[in-house]
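Next up is one chain by itself, shown in structure tokens, the form predicted alone.
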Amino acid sequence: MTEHLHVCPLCEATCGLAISVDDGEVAGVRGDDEDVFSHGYVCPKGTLIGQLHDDPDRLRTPMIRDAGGRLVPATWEAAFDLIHERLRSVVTEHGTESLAVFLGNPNVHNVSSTLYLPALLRALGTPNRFTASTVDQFPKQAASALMFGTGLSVAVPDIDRTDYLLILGANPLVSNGSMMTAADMPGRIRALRTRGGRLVVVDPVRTQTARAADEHLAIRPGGDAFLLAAIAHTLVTERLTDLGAAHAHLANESLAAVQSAVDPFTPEAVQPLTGVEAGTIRRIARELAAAPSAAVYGRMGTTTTGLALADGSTLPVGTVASWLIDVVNALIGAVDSPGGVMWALPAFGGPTTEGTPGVGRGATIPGRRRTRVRGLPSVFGEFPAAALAEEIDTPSEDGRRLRALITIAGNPVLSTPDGRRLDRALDSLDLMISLDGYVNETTRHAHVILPPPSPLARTHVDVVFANLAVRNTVRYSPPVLQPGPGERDESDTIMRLTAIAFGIVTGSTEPRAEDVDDLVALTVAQQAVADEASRAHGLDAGDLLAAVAPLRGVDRLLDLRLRSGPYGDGFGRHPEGLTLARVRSAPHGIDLGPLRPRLPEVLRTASGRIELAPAQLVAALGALAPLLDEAPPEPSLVLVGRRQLRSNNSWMHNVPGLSGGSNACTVQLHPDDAARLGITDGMTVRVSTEVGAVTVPAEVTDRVRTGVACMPHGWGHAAPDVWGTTARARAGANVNELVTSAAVDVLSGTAVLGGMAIQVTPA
């Protein structure tokens, strides 16, 4: 029996695991008590990662579609030969604009994807990039980019030191933090309460986090932007603003512009749109201003929920709400203040550590490129996922449409609006390639599926989430187990695809995967020596590569980034600094300390200032003002989403130990609504909108606000050939079949997934 330490790659909490291995098999998993970040905390998903590794339905070999249309096992070379043949045909006949890529959420939990996918995207040469971000967090990233400079300039609550935490549309006791990497959220919230702090939760559902709070405000779905504007209005009109250290870094006239923008949004005016009494709104604003330290945080309920209008449509408000969260944070002096909202300083670097400190190019939002069918703008180089189906199944007059799709760790049939249309559209593709460990609702349409190894058979380092962490740490996890026979590292697969794409698109000799690896490493080294913020600035790129030899692959790139990063040894300039060898020698991780003030060097706006009032967002808030005069009536029932502790989108439903109990697909209804509709607990009901209908069991509970129906995301495993027996036995229903692709927040490209009117009837 041996014990191995590994950081859990299944969600943003990044908990440290202690994994017992007996003769090559996982014998047990517990939290690593000495982990510098999680201190022994672990959720049920982490403890059952061994079941994910052992899942007999997880793919171990490539699958290709045979002449009879069936997916059958194949060798890696046969799979790559088929990709080469089909991809060349599509590019030769239709060009690279006929190609598209969809990236799913797990990619940001995977160091191979983080480091090598940019090379694949460049090699493909396609402008058609789609990701799960436009059904998730892009409103927050877009607002942060406009205010502070980049899509990862997201200020996170300094939860370990705050005295007052206001949470909107988030359930961190279940999500374990999201866009706020914070292991052991239950312990952190208990510590907040123990030290006399106050927690207020705004949510139409009395979630686990709301039940642990000092106060719960059951807001009308979609009302968050109006509530935040009224809080800002109160802070301004009652002269409660104190911007603290951030005041010196505001763009000229931006404070005055915010004051003018929120002027119509009095607490009385927004009360019908929020369902929160005017007096309560004023009190919350005063409490925020009076607290020794305070922070405001929002998540999916603020980014993907819209406001139901009288005509039956749903108004996107996610980007405005995300902006107003940080407007309130700024007005109470929380920005860059201990106990407020601050920026992490990631050891491997990131957008807020690169370039000229304190100044940058800023962000162009929305982007200049447009989708072919609806003309929806790009954001951060991506198109809205809600437009993917129409870009495939709607040809132009000259026959142009998407003809080939590569999906990587994504399941858009379940995760994006109008999944049934996308399900049909995928069958019309000339080529579909999927990098995925399962035959799921999306990959079942693929011509080739290339499986990754088990999460326990690969190196893990949280490069992305270090940018969003509530404490600065660095940890490295070597593989716990060896890949099985025929399995190959994901970085090798991505590099081979990159080589194939490069040869086809450029018409040149196809490079070897090893050549791609060398080119990626050279690019990282060249960027480090050219970057004036890098500790390797001015050195020779060749010398950097020589210094990290004989490392290759992921480890070589990590060492380059770490040594040139903000804590690095600078390749000898800072002898006490970090190297990959030093990090690897600390199996429980290295604690780099609490968040620290980073203004003004963190800014990457063109002005070098905090743009508190971006013109796009001020205009978007102004467009909401007419609703103050005549608030649309609340529909009899609206839909909102639900997080589940023992689930992670769609891909954990085949793990036996996570099935059952609270991990169920139900529609939650308030007892008053259930009685009105003639529905009893456990009854099978039909939930419908103008675009679709699903059938699910009803769960009658007073945890939801009257007029609200609550369903989880990621279910709907009804096809006979997907996942495995555990998932299919508890298939559930795909909530996104109820969601229209028409409602898109153009400022962030994000689909509106909640807040729309629905009907619920006994089935």
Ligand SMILES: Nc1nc2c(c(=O)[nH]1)N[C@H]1C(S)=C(S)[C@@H](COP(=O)(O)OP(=O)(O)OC[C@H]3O[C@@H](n4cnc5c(=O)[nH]c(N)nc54)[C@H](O)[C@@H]3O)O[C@H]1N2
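Given the structure is predicted, the values throughout are model-derived calculations rather than measurements. Residue numbers run from 1 along the displayed sequence.
Just so it is clear, the following notes concern the form predicted together with the ligand, a form of the same protein that is not shown.
### Task
Give a yes or no on whether each residue among 169, 412 and 644 has a heavy atom within 4.5 Å of the ligand in the model of the complex.
Yes, all three are in contact.
#### Entry: Residue among 437, 149, 349, 316 with a heavy atom within 4.5 Å of the ligand in the model of the complex
Residue within 4.5 Å of the partner: 437.
#### Entry: Residue (of 649, 254, 241, 114) lying close to the ligand in the model of the complex, criterion heavy atoms within 4.5 Å
Filtering the options by heavy-atom distance leaves 649.
### Message
Using a 4.5 angstroms cut-off on non-hydrogen atoms, would residue 305 count as touching the ligand in the model of the complex?
### Response
Flag for residue 305 set to yes.
### Message
My question is simply whether residue 753 lines the interface with the ligand in the model of the complex - judged by any non-hydrogen atom within 4.5 Å.
### Response
Although the ligand is absent here, residue 753 would touch it in the model of the complex, with heavy atoms inside 4.5 Å.
### Query
Taking heavy atoms and a 4.5 Å cut-off, does residue 326 contact the ligand in the model of the complex?
Contact with the ligand, no.
### Task
Decide whether residue 654 counts as a contact residue for the ligand in the model of the complex under a heavy atom distance cut-off of 4.5 Å.
Residue 654 lies outside the contact set for the ligand.
### Candidate stretches 603-611, 619-627, 556-564, 217-225 - the one whose heavy atoms come within 4.5 Å of the ligand in the model of the complex
Partner-contacting stretch among the options: 217-225.
### Query
Mind listing which residues of 447-486 have a heavy atom within 4.5 Å of the ligand in the model of the complex?
Read in sequence order, the residues that approach the ligand (within 4.5 Å, in the model of the complex) are 452, 458.
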